[in-house]
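Single chain ahead, written as structure tokens, the form predicted alone.
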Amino acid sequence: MNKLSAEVPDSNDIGTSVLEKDPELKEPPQYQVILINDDYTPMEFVVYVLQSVFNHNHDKATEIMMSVHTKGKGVCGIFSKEIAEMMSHEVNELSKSHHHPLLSEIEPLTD
């Protein structure tokens, strides 16, 4: 037997200790996109934003808009951090381009 073949492990033994346990996968943290109430943005525009950016139907968009109006803020949707940041930015840019002060922000979802 030559020295090289003596050092090569049996192919059945390779990696068995590493593969004994499946890795635990964690869901990424979730963030909610929040609309903040102001005294100037028309309610119709808020409904438009909720329908165009978040794909809510008219009834759901109206429900969220009323929550923003009466409670000071409302949850538009729950997403991964990157998607939430992108959607919040889209709301803020859309609002700015229509000369409205409507703002959105993201916050971590609390259980």
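Since the structure is predicted, the reported quantities are computational estimates derived from the model, not experimental observations. We number the residues from 1 along the sequence you see.
Beyond what is shown, the protein has a form predicted together with a small molecule; the following relates to that form.
Please run the contact check for L102 against the small molecule in the predicted complex: heavy atoms, 4.5 angstroms, yes or no? Yes, L102 sits close enough to the small molecule in the predicted complex that at least one of its heavy atoms falls within 4.5 Å.
At the 4.5 Å heavy atom threshold, is Q32 in contact with the small molecule in the predicted complex? Result no; Q32 lies far from the small molecule in the predicted complex.
Against the small molecule in the predicted complex, would A84 count as a contact residue? Criterion: heavy atoms within 4.5 Å. A84: no contact with the small molecule in the predicted complex.
Using 4.5 Å between non-hydrogen atoms, is V75 touching the small molecule in the predicted complex? No, V75 sits far enough from the small molecule in the predicted complex that none of its heavy atoms falls within 4.5 Å.
Let me test this: is every residue among D38, T41 and V68 within 4.5 Å of the small molecule in the predicted complex, going by heavy atom positions? Result yes, every residue of the spot touches the small molecule.
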